[in-house]
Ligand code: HEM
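This document opens with one chain alone, in structure tokens, the form predicted on its own.
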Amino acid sequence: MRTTTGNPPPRTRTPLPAFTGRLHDPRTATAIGRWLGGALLVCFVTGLASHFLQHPPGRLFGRFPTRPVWGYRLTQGLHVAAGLAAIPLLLAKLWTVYPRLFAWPPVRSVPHALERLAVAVLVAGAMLEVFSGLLNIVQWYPWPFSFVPVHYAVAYVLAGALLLHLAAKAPQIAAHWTRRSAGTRALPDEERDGPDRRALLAGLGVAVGAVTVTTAGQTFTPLAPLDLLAPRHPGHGPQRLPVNKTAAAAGVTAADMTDWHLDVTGGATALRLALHELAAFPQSAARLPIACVEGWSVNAHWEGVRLRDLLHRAGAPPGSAVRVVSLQRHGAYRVMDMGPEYAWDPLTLLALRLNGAPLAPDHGYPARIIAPNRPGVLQTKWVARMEIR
């Protein structure tokens, strides 16, 4: 029989990992942070432009520019491209700084606790923004909340947390922004750019470039042949135009399209027009892009009736706004409000034809709206009624 004598040996704490590599140092974190900060800034500014175009506050309604016609195509293309580029940058940034999660003690003071809380909000907000945006462009929504308002609200939380973080780390960022420390002293040899750091940054640049080149073709058509990772491809779809929502998904049936009339109300003269009556109006043509919030966009040739001609025929007061109602059974954008800057623009059409042929059902047959410099969700398909307001 075995016996033990004396007191058991004291427990010892398992030592925490030690990270001494130069790639986990402040200089590497600062170098990556510059790129990531630029990408997030582009996302924030272009995201605000997109949100206000889709959901204009009262003071901005009717004040958006309709030129250049490709304006929204550019801003939303940049938004999605910068968001995709931010994914490898964010992951590299987190890899660089993650050893600080093992710092002991985890909280040293009240200011330190507040700093760590701000960092937690910053990391959580950044992860939610970039990965929910990624799932949005492939139209997969595995969460119970509405994407648009949450994405918009978290953008402000992320911006605030980032500003707090920059303020707290300003001395350290200044010390490692260039080869000299805040303009006062040269960095020590161990903090200068060495082969390891240069290799990491070069590899990260290649990763960002690869992501951009293989996705930007959905907006920047010269890169379309390299559009390997984007969910939409220019020129693929009915009438050489991608489709986000089909007629079947919108609940629009063949019977709806067959027994169709356009009602125009709210003016001096109420109109009820069949398709052949619309075809008897003077027809206009415009080459305009369709640009969607998911980042893809394509130029197309549209033909139809200028909206302002319809408004004149209905006796609408000059400068009237228009509410457009779709045959679509459900969805956030089945009703769309159009300010006078769009409604009276000579390029805004009630389109009947696309790329030389009548609209395909999935592109909004019998009639849809196409206007310059507008998000695709506001280019209403399957138009059934217009209310002059």
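Numbering starts at 1 and runs along the sequence shown. Values in this document were obtained by computation on a predicted structure and should not be read as measured data.
There is another form of this protein, the form predicted together with the named molecule, and it is not shown here; the text below is about that form.
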{"query": "44, 83 and 208 each touching the named molecule in the predicted bound form (heavy atom, 4.5 Å)", "finding": "no"}
{"query": "Heavy atom of residue 166 within 4.5 Å of the named molecule in the predicted bound form", "finding": "yes"}
{"query": "4.5 Å heavy atom contact, residue 339 to the named molecule in the predicted bound form", "finding": "no"}
{"query": "Contact flag, residue 24 vs the named molecule in the predicted bound form, heavy atom cut 4.5 Å", "finding": "yes"}
{"query": "Close approach of residue 122 to the named molecule in the predicted bound form, 4.5 Å, heavy atom", "finding": "yes"}
{"query": "One stretch from 257-265, 94-102, 208-216, 142-150 that, in the predicted bound form, holds residues within 4.5 Å of the named molecule by heavy atom", "finding": "94-102"}
{"query": "In the predicted bound form, the one of 300, 201, 137, 173 near the named molecule [non-hydrogen atom within 4.5 angstroms]", "finding": "173"}
{"query": "Partner-contacting position among 351, 343, 40, 324 - heavy atom within 4.5 Å of the named molecule in the predicted bound form", "finding": "40"}
